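Presented below, as structure tokens, is a lone chain in the form predicted alone.
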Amino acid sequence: MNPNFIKMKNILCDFIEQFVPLTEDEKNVILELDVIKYFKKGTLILKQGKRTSESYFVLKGCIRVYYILDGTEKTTEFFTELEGYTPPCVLSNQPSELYVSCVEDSIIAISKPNMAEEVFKKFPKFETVCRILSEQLIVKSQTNFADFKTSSPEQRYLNLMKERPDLIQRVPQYQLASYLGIKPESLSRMRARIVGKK
């Protein structure tokens, strides 16, 4: 088996063990699951109008969630290492209103409801992990939305510098500007202003 593949599965096991201890049998079940996929930078994992039952957990890389309004991309979120995302269309069983794409070459664990049910039957404690992760994701989404509604673009950028500085280096400027709700040229001016204040 590919050593990198084993390393990624071990990262997944280590992450789960932050919430619940795993026996060797449980680790082996995870290692046997065919969930880890490799995607090249720029790959569209999910297109608007498509249906999916897949949830994504980033082991390595960065994915972006966005929609297109009047021909313009509007970025809603980025997910990097050890962050998970379930598209709303999975829960609504409707075609997706969003796109999900890889900002970088990415390694992602992809799960489906039927796969989860099978694992839950064998090991009920995994359901606890999934519930905790779902709750964390809801809190994160609500917090991000509240921050976006109540902060200026400059404050949002300063928050990003403080809380997720890696994104500023990893994400193209036009995508970052879209995420902040401003145009790329406004982001350039804002960056220059912030640097000038230091």
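Note that residue numbering begins at 1 and tracks the sequence as displayed. Fair warning: this is a prediction, and the values are worked out from it, not measured in the lab.
From this point on, the text means the form predicted in complex with the DNA, which you will not see here.
Heavy atoms of E154 reach within 4.5 Å of the DNA in the predicted complex, making it an interface residue.
Though the partner is left out of this view, Q173 does reach within 4.5 Å of the DNA in the predicted complex, counting heavy atoms only. Within 4.5 Å of any heavy atom of the DNA in the predicted complex lies no heavy atom of N10. By the criterion of a heavy atom within 4.5 Å, I16 is excluded from the residues contacting the DNA in the predicted complex.
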